[in-house]
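The chain below stands alone and is given in structure tokens; this is the form predicted on its own.
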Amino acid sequence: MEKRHSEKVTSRPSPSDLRDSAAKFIPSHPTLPKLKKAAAVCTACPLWKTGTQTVFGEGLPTAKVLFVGEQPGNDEDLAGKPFVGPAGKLLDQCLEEAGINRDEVYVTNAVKHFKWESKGKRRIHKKPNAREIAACRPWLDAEIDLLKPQVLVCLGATAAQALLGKEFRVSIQRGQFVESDLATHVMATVHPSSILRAPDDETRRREREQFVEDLKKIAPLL
């Protein structure tokens, strides 16, 4: 499949960026189970104080496809598992329509704790800031290094800009494969939660269809 961009757009943190990060929590000779156990006690950024628990990635260690979202939501924070709330259920449905088995992929987030603010009795998602994303980056890098995915898909702007650089625009480059040393095939598309937030049924239907079309580009690569 033809790549749309010749210039690599990977954004790896420099050593100076890792001083106040989760790097010190990464175990030697890591495995996914070791990483998950170590991440459970991570205090690299203040979000550990308000999140119920660390929500680490989940899926087959041999998965060829890695999906990276922004952060766990309320349901994920309570369950301790990624993509189990409404957005996760929509992702499951769209993967099935695209001919991709959710059980054969790995899903994770750029930030492993739920960042939220109170609205009445509800906990409402709040976008993580650059400091929190950078602090959590070593966990994501370790997952990528272990999985060595054939296909990496960034879901939403936060994940895309964390991995592909601050200049990357999902609104312009969604569904396009870009050159990156993260994986053989790298793409960004919208986060399924954005589809759920669509202002009306017709917009939601169109956004869902386009999301499935983006995912269908992955199936032939597996």
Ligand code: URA
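In case it trips you up, residue 1 is the first one in the sequence shown, and so on. Bear in mind that the values here come from a model prediction, so they are computed numbers and not experimental data.
Although it is not shown, the form predicted together with ligand URA is what the next lines describe.
Enquirer: Determine which one of 95-103, 146-154, 71-79, 116-124 lies within 4.5 Å of ligand URA in the model of the complex, judging by heavy atom distances; exactly one does.
Expert: Heavy atoms within 4.5 Å of ligand URA in the model of the complex occur in 71-79.
Enquirer: Taking 4.5 angstroms as the cut-off for heavy atoms, does residue 142 touch ligand URA in the model of the complex?
Expert: No, residue 142 is distant from the partner.
Enquirer: Suppose contact means any heavy atom within 4.5 Å; which members of 82-114 contact ligand URA in the model of the complex?
Expert: Going through 82-114 in order - heavy atoms within 4.5 Å of ligand URA in the model of the complex - the hits are 82, 83, 87, 109.
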